[in-house]
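Below you will find one chain, with nothing else, as structure tokens; this is the form predicted on its own, and questions on how it binds or moves follow later.
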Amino acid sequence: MTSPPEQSHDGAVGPVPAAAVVPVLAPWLPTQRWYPVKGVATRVRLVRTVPLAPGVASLLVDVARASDDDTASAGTPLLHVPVVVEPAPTDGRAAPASAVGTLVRDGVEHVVHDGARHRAFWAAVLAGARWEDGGGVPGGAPGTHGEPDLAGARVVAGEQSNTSVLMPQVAGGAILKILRTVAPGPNPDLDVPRALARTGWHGVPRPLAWWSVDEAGASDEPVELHLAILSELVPRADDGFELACAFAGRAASFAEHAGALGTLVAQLHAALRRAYGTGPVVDAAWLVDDLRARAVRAAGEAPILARREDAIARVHARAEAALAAAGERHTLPRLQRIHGDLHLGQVLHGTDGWRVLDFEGEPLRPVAERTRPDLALRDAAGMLRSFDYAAAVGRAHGTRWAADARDAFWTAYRAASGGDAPTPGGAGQDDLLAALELDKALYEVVYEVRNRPDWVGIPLAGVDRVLERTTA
């Protein structure tokens, strides 16, 4: 069972002193993967404190550039920063990995912990969560209720936009996803899996519970602000990207796995259509104009793209012609709900095959943008780009590893989509896919220029591959 926060010398742990904690967090926050503003001086403003237990709270803060005036914080991303504050150990023990810094409170030194890595916060969240079955906190087996058994619980390693905690003894095996960038209203990472589960599709881990607080909406009506989601654990599952990198590293073909993944993504799109219906056919003129505008912005932010602008324009011209031909045949693709940020890191491979997860999309974009209908082919393009990254990390240089994986994925996706495919079909399908894959690669070039310059060669090679294939 989980122990409560360590008590102070007078036997009490009081409310989290949020005003004193924020300055302790300030130098730590910019070092985190999920911090929204990189490379410039920023300021952090406390928006709200959500107490959970003595010494345990969630802080909601917003971030703005230090040069901005106070009004600039309105509309900036809202960050969820869980904290646990407890007296510092006096027995010489080293600070745990969750420790962020210290503060003095009532003459006693206290440690400020990243609550997302602390068992006291995990237990408090589970105690306050809303459960899908309407019950209380499940213990070590399905159907039992009481205090959670956090034996073996651990934070998932690696870079993430959120923080995930494996809980093998909770509800027969679960994973707690602590959301870091939050916004009022339905969270797609809860809403979409629940909707898919209701259709009977089992290609997504089933949500078990969620923790939220009420926020005032535009009409002053309370709306939920989701802060954490608990989902079923996929047993003995491998992260899709890590699995692909391992295959690439030993020059083992990933084609069979990629083909199964293509089938899964086609099934996902069909399930999303059942759950949410379809939208109108794509506005071809708007789509091509948008792709062109995004390419211009990318070239402006990554000058390395400048000499490729003419070839990029030819890819867009081919996509425009393909969409025009599809319009004449009345086969323009319809918009629909999609995943929105699909790549190998968003899927798991378990004993019963692939599962797809993380429907939150790009968390820094407004929810309305992330959830609006789009082209299903965007998801396919994102997955195709991901094979290039796996090949590079796995050092499968100078081989057909990535090409074989892409071919297997795309062949299986088209076959599983069949007559229900939300695409223009024929050669036009390939031209539209190429334009969307190029769009994703250009986005990746800009990202790597900003964040990991040593990696920029990976998406740049993808840009050149698309350009060579479509302009030959």
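Residue positions are given as counts along the sequence shown, with the first one as 1. Here the structure is a predicted model, which is why all the values come from computation and not from measurement.
The same protein has a further form, the form predicted together with a small molecule, not shown here; the description that follows concerns it.
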- Query: Considering Q346, Q336, S98, T181, which brings a non-hydrogen atom within 4.5 Å of the small molecule in the predicted complex?
  - Reply: Q346
- Message: Considering non-hydrogen atoms and a 4.5 Å limit, which listed residue (W201, W354, Y389, F247) is close to the small molecule in the predicted complex?
- Response: Y389
- Message: Using a 4.5 angstroms cut-off on non-hydrogen atoms, would R65 count as touching the small molecule in the predicted complex?
- Response: no
- Hey, in the predicted complex, is D358 touching the small molecule, heavy atoms inside 4.5 Å? yes
- Message: Would you classify W410 as touching the small molecule in the predicted complex, given a 4.5 Å non-hydrogen atom cut-off?
- Response: no
- Would S161 sit within 4.5 Å of the small molecule in the predicted complex, counting heavy atoms only? yes
- Candidate stretches 49-57, 436-444, 24-32, 410-418, one within 4.5 Å of the small molecule in the predicted complex by heavy atom: 436-444
- Query: Does the trio D341, E448 and R452 actually contact the small molecule in the predicted complex, every residue with a heavy atom within 4.5 Å?
  - Reply: yes
